[in-house]
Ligand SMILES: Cc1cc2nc3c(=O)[nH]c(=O)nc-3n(C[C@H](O)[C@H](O)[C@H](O)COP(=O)(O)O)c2cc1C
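Below you will find one chain, with nothing else, as structure tokens; this is the form predicted on its own, and questions on how it binds or moves follow later.
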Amino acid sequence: MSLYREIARPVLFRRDAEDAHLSVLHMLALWQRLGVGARLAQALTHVTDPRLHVRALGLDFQLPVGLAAGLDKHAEAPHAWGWLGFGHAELGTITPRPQSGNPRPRLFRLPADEALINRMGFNSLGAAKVAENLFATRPFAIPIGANVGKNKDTPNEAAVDDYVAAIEQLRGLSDWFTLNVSSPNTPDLRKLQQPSAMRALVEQSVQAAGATPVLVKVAPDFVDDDLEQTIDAVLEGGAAGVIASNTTLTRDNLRDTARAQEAGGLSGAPLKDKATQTIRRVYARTQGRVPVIGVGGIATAEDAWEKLLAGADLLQVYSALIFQGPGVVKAIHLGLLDIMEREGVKSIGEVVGQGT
């Protein structure tokens, strides 16, 4: 991690955030094609300990920390994430038809806050191309999820058709689907979280997915009891799980006040408490009937442990990878083992999904 902070990060951070992102992703894709050093990378990054095993969604996760959606949108490097020590990876968001997303610049770093703001707008090569990428590179050593969304020019009244179309093109190529209805960067998308729309969307997506589990990713910005009503609709529709949470529109207590004015969703450290509270509310409503994947502001083992105690079964990171480098994944897993030892917990299964 120190090599990343001292050498790689200064070089990357001198570039536009999206250009740096694309460069790293292309490098990972090349590494995947060549396969050079994959075993060495796994030896350096992987933590192998049965105490960290999680069983969820009918799948075995050898490690609880995975990659959040948004980093590998087009399934360019699905194998590389396993080589870097992740226990799973969620790819996307994938739209049924190709679209360019919002105008650049659309990704911004806030180093003083260890946060990112993005307004990417579901830039996607389209489900057909992502399906081609997945088909060409499977099978995978870790569970792989596909995060799907609607095209920007599709009205909400026809949104179900987009989600179903994306799922049908990708069916059989991922271990689960996630319905992204909570990005703040597509106009009116979050209105799909309203219970009346949510249940129908989930029901038809579940039908299209067949035996593949369908999850729903919710926003952290609900007020009053709107979240609880949405979760009821998610469960009634037959979803297999919930991801909590997406990026936030709030800008509370940020140091980088100038960059904070950029439009888009905020992720990283400032989202941590809001995301944990969302997990806690989701678990209180679901009572463990479906697994919860916790996302938002996880940068240390203590952050991860807090979300597990709040009710998460699995975890995902994104922003911490940008600010700390790939070593953060191993550090979190080793730190979780230390915490478990200190707390007298013999298996992470004693904690996950308990909402204690």
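The first residue of the sequence shown is number 1, and the count goes up from there. As the structure is a computational prediction, the values presented were derived from the model and not from experiment.
Not on display, but discussed next: the form predicted in complex with the named molecule.
Candidate site formed by 57, 87 and 174: none of these residues places a non-hydrogen atom within 4.5 angstroms of the named molecule in the model of the complex. Taking the partner from the other structure, the named molecule in the model of the complex has no heavy atom within 4.5 Å of any heavy atom of residue 79.
Contact check for residue 68: a heavy atom falls within 4.5 Å of the named molecule in the model of the complex. Among residues of the shown chain, residue 312 is not one whose heavy atoms approach the named molecule to within 4.5 Å in the model of the complex.
Taking non-hydrogen atoms only, residue 73 approaches the named molecule to within 4.5 angstroms in the model of the complex. 116 is the sole member of 116, 127, 215, 219 with a non-hydrogen atom lying within 4.5 angstroms of the named molecule in the model of the complex. None of 205, 193, 276, 180 but one reaches within 4.5 angstroms of the named molecule in the model of the complex through a heavy atom, and that residue is 180. Just one listed stretch, out of 132-140, 196-204, 87-95, 225-233, contacts the named molecule in the model of the complex at the 4.5 Å heavy atom level, and that stretch is 87-95.
Applying a 4.5 Å heavy atom cutoff to the named molecule in the model of the complex picks out 267, 268, 271 from 259-279, in order along the sequence.
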